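In the block that follows, a single chain appears as structure tokens, in the form predicted on its own.
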């Protein structure tokens, strides 16, 4: 199987996955959309008119067909809470979630890979402390870890714990400065568990590579242990680590939902939480679709990169 065909197959699977998740989100939101009027004292006629205006007075199958037709045109309906097109809200929040996810993945990779190498080549020195720290981080549930970081930030004042200022009325430079102030806390909350996972995976993969014959042959030629691990074993050990990035990306996006709520980061996770609380049918479906698309893109990219660096993946598909 060629790499292009493999990528096309993964992309098709991603599209199907995104459509299924979005459809289930719409079904959930439609089932709980009992009241879309913000005024609890509104007359029944007013609420009925409002439901008819939003297209929520029809059977689900008809609503679903209309939503799919709008999806082709990128028309995801109108938010009942924000009174704005869902497409505009998703575009704004998707930028924040993407920025958070990319930064967290870079930080996790930058910490996890070198620490995993240290843990493997120095198992009785600094590597022991690295392993203990990783196991401690992995044993803490994501919600507890995020709350602990927020508590530390609140007590020390090192990082802001509130949400970002609205972009309205801010210049580009002022908004960027506000993002940089509020970004470190959610990034750390997402990156630390991922860094611990990558460290454990890298350490195991490197130890396995060090035990292979080609590394022993390099040692026999006079190369010291550290150089043999760095030059010969480490590049080989990266392939299995890269292969797990598809799973890590999935954990990243699922974890961002909790982190965004706890740290008040204005991303898709926070938007979904607000939409569920408001029973905002079209916004819930839109958030589900956007999250599924982001997850599909991330996992597809990780699988394609893994196949590119490890030809055995393509051979296994034949």
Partner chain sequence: MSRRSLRLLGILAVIAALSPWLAPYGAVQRFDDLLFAPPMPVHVDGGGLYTHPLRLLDRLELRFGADTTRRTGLPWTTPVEVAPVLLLGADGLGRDVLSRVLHGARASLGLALIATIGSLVAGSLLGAWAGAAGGLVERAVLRVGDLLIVLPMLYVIVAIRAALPLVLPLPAVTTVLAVIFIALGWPRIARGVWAIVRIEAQEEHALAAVAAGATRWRVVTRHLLPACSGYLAVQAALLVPGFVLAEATLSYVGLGFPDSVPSWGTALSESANVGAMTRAPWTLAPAAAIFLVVLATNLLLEPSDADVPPPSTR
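A quick note: this is a predicted structure, and the numbers were derived from the prediction, not measured. Numbering follows the first chain given and starts at 1.
Another form exists, predicted together with its partner chain; not displayed. Remarks below refer to it.
Chemist: Considering 179, 99, 154, 236, which brings a non-hydrogen atom within 4.5 Å of its partner chain in the model of the complex?
Modeler: Only one option qualifies, and that one is 154.
Chemist: Just to confirm, with a 4.5 Å cut-off on non-hydrogen atoms, which of 205, 105, 121, 183 contacts its partner chain in the model of the complex?
Modeler: It is 121.
Chemist: Looking at the partner-bound form in the model of the complex, is residue 268 within 4.5 Å of its partner chain by any heavy atom?
Modeler: Because a heavy atom of residue 268 falls inside 4.5 Å of its partner chain in the model of the complex, the answer is yes.
Chemist: Mark residue 67 yes when one of its heavy atoms lies within 4.5 Å of a heavy atom of its partner chain in the model of the complex, and no otherwise.
Modeler: Result no; residue 67 lies far from its partner chain in the model of the complex.
Chemist: Does at least one non-hydrogen atom of residue 93 fall within 4.5 angstroms of its partner chain in the model of the complex?
Modeler: Residue-level check for residue 93: no, no contact with its partner chain.
Chemist: With the partner left out of view, is residue 78 within 4.5 angstroms of its partner chain in the model of the complex by any non-hydrogen atom?
Modeler: Answer no; every heavy atom of residue 78 is more than 4.5 Å from its partner chain in the model of the complex.
Chemist: Taking 4.5 angstroms as the heavy atom distance cut-off, pick the stretch from 236 to 244, 70 to 78, 138 to 146, 183 to 191 that is near its partner chain in the model of the complex.
Modeler: This holds for exactly one stretch, 138 to 146.
Chemist: Residue by residue through 236 to 260, tell me which have a non-hydrogen atom within 4.5 angstroms of its partner chain in the model of the complex.
Modeler: If the 4.5 Å heavy-atom criterion is applied to its partner chain in the model of the complex, 236 to 260 yields 250, 253, 254, 256, 257, 258.
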